[in-house]
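First comes one chain, alone, set out as structure tokens in the form predicted alone.
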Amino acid sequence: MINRIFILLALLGLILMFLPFLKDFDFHDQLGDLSSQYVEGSINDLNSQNVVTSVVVTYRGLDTLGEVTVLFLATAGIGFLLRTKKRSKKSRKSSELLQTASQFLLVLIILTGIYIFLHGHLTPGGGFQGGVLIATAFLLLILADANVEFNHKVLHLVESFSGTFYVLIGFLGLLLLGMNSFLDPTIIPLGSFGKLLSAGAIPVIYSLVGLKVGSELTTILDKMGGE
């Protein structure tokens, strides 16, 4: 009974919290000044079809770098907390159908994840979405066989490589274009609008983000899957 009362109070609190936003919400027929600058800059300055990608990778690139750093700290924290615990061999195995399907789907899921972050400047998606999809491929392997083991040296190498080059691209912008050009994608030719090789360094940055997110989430899944 007490639990239900607390749940009702929590729901009431959320309603009261969001009620002013719903009450004062108003539809706009035109974009605001800032939104218009983002849309125009994405097309005219960056040659990127996906405005969201332009915002995430360039206009608020420091925030994205911070998000990747938070994910890295979470991975390091989980590895630190579970470092003294030995993985016990489990006798659990899933059905033969799932084991066979996981081996078949692994490559398809990884290729789809790569496609998503390579085309993040052209279509909805990007580094985070592609990286998460890659991690789900390895989660499928864990679900199919609890005793599966991953090569942690390769995972750490991919994570370190992608993170290091992500930061280096940022500093290249500072060195080549000036103090206000951290993570500026124009260090690489922008190419033709709507093509895969366009938007400068955005596809490269999103690919590095995708590899970093995928390797870090896979490490977390593997660490927690052994418990």
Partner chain sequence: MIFSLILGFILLIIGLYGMLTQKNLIKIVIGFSIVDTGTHIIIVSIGYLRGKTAPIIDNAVDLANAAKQVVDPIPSALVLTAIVIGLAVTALMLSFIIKLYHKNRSLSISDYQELKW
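Just so you know, these numbers come straight off a predicted model, no measurement behind them. Positions refer to the first chain, counted from 1.
There is another form of the same protein, the form predicted in complex with its partner chain; it is not shown, and what comes next is about it.
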Give a yes or no for residue 138: in the predicted bound form, does one of its heavy atoms lie within 4.5 Å of a heavy atom belonging to its partner chain? no
Answer yes if any heavy atom of residue 192 is within 4.5 Å of a heavy atom of its partner chain in the predicted bound form; otherwise answer no. no
Contact between residue 208 and its partner chain in the predicted bound form at 4.5 Å, heavy atoms? no
Quick one: is residue 176 in contact with its partner chain in the predicted bound form, heavy atoms, 4.5 Å cut-off? no
In terms of non-hydrogen atoms within 4.5 angstroms, which of the given stretches 94-102, 139-147, 107-115, 71-79 touches its partner chain in the predicted bound form? 71-79
Those residues of 19-49 which, in the predicted bound form, come within 4.5 Å of its partner chain by heavy atom: 21, 22, 25, 27, 28, 29, 30, 31, 34, 35, 36, 38, 39, 40, 43, 49
